[in-house]
Ligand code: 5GP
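One chain comes next, on its own, written out as structure tokens in the form predicted on its own.
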Amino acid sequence: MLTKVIEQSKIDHFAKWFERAEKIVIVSHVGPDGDAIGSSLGLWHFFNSQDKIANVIVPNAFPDFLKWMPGSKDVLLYDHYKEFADQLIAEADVICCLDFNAIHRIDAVGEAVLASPARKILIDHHLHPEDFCKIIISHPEISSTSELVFRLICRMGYFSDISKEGAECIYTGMMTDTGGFTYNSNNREIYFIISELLSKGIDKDAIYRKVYNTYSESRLRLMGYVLSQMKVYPDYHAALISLTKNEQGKFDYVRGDSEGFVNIPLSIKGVVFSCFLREDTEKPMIKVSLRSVGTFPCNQLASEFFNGGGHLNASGGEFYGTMEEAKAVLEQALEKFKPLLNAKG
């Protein structure tokens, strides 16, 4: 059995909205990852089973390794179909905001969402949610937004209506947001949920292969190159990998090719903190990905030095400047956090 994480009053409030709604829009964050797409499509499949007119809208494209997911072809990319998406958002009865805690995280979609008269609900697991939705279901202690979507559907009394396709999407979100259940995944209820999803007929081994074992040759060569340039900081139990625009071009980089790279340095004995700096191909900035093991607070470092945040062991941020400047800021951060890094080393 699952503990009742979500407040009953919020379940009841959303249930009333849901009963009256005909048109529902689901939105998620820029650069959608497995949890963004998994939670969105999991909820979308459920809405479809209840004869609602539902649409998923994301700011821009998501990685190829998620395009096998049932319903992925129906996800609307805002940067390709802005006019149509704006109309759907404006006409929606309910807007479900998934896997982001601040309106800027949905980029240009945010303006349309704020302008819409639709009732709005936030379902998320990141710290410090902004107050732009009437109902806020925010639980940073939960492993993924996909897990929250499963809990919400079940608490509303619709577990039997979760389809195999919906279960596949929810499982994918849970799996990817925990690094294949290797971090932030010690809550035994996660595995109860997995058993319930398995009862829907999903093949979790096949899902793992579709997500993690279908990369291109150029992606593997890119990984080798990035690791060959890796810098290890033994005195800080830390490691840094980076990727410039020019380097991405040499390896025919496509969105998602560097997914998971930041986790690799953590396999080095003694390394408890890993940073990946990547020049964005669409905006003049450097994307910062941070991972840790144990209790080193990635989110604190991200907040203090890279205008970011996230979870204890998995966080991100942005840096506006050159790659060398970003590396210099990281080294300042390592010095600031040296006591914590050494304590966990």
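Residues carry their position along the shown sequence, with the first being 1. Not measured: the values here are computed from a predicted model.
Although not depicted, the form predicted in complex with the named molecule is the subject of the following passage.
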Pocket accessibility after superposing the named molecule in the predicted complex (3+ atoms within 2.4 Å of backbone/C-beta): open
Candidate stretches 53-61, 282-290, 66-74, 40-48, one within 4.5 Å of the named molecule in the predicted complex by heavy atom: 282-290
Distance check, A314 to the named molecule in the predicted complex, heavy atom within 4.5 Å: yes
Residue contact check: H126 to the named molecule in the predicted complex, 4.5 Å heavy atom: yes
P297, heavy atom within 4.5 angstroms of the named molecule in the predicted complex: no
E318, heavy atom within 4.5 angstroms of the named molecule in the predicted complex: yes
Listed residue (K200, R105, K210, R155) with a non-hydrogen atom within 4.5 angstroms of the named molecule in the predicted complex: R105
Residues in 236-253 with any heavy atom within 4.5 Å of the named molecule in the predicted complex: none
